[in-house]
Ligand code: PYC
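Form predicted on its own, single chain, as structure tokens, below.
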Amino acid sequence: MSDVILQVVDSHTGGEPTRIIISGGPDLGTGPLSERLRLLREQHDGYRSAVINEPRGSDVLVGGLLCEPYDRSCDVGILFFNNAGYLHMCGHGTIGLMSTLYWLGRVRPGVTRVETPVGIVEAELLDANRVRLRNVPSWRYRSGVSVVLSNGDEVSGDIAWGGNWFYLVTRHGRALEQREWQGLSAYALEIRAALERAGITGAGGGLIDHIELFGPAFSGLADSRNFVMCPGGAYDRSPCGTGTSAKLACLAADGRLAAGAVWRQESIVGSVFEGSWQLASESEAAGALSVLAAGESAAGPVVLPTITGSAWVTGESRLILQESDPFCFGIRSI
């Protein structure tokens, strides 16, 4: 290959970094985003690794490849990825995308339709930094699912979809303090391993790759604090957009949050997202639940979450991929 130059813009949303490739990415054609995601995964994964992994990136970073949408009603398309692979959807990343596009002068305050491999989201840019995101239909698949950890302890949680599959745990006996991140990370990874050992998945065999722990908020600005373990072993610094969407679906299912009411979700570092929900239409709900097997049903309604958060651009750069570099495509730690 010849040397490649990628133009990227970095941002953070509630402390969680996002790196958007705005030019220089691989040619994935003009097909549906799900097909382009397959091509990126199977034929051009080196780009993901080069952008995310050391020496250019880190485990914390989430990347996105900006592309033309397939759906003509949309303004932009995006493919998200991290150190472990590819994400169906990324809430904090979409908020970061909008602030990036504003920084580049490509959008103005107002609604932008963003196409993802799992559906269309509407992102309303409120100002240079603040974004209101209308996410994909979200719902609780199963409630009160128990697993046994390697030490014999039993944990119970809900399984819900918010754009990715989550296992949500409230009763865990852990203090959700940032200084305890290593212990919390190990605990969350043990829960994920227990789910895999037990063969517990999301609907349609979907991998539960996010673990979300909840506890009391530390500030008077939120209803709850969370700790979210992402697929690649790094914890989310933001309150997690898809994770908050999954939480809203569970709150709706339990009758703990009325439609239109605001839920303020605090992250492990203290940043806050505001969330609310409304019922999905019959057609939206049917589409979301199409992954259910015959005879299965959801453990709650299908909702349309709205997440509001803020992002700031932190840098612009050119990433240089030189053929002679032995670590041109990054150091693959996973």
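Treat the numbers as computed from the prediction; the structure is a model and nothing was measured. Throughout, we count residues from 1 along the sequence that is shown.
Not on display, but discussed next: the form predicted in complex with pyrrole-2-carboxylate.
None of 191-199, 99-107, 241-249, 141-149 except one has non-hydrogen atoms within 4.5 angstroms of pyrrole-2-carboxylate in the predicted complex; the exception is 241-249. Residue contact with pyrrole-2-carboxylate in the predicted complex: Asp236 places a heavy atom within 4.5 Å of it. In the predicted complex, pyrrole-2-carboxylate lies farther than 4.5 Å from every heavy atom of Leu79.
Heavy atoms of Leu87 reach within 4.5 Å of pyrrole-2-carboxylate in the predicted complex, making it an interface residue. Although the partner is absent here, Arg225 is not a contact residue: none of its heavy atoms lies within 4.5 angstroms of pyrrole-2-carboxylate in the predicted complex.
The listed set Leu257, Leu176, Cys230, Val136 contains one residue whose heavy atoms approach pyrrole-2-carboxylate in the predicted complex to within 4.5 Å, identified as Cys230. Although pyrrole-2-carboxylate is not shown here, in the predicted complex the stretch 188-217 places heavy atoms of just one residue, His210, within 4.5 Å of it.
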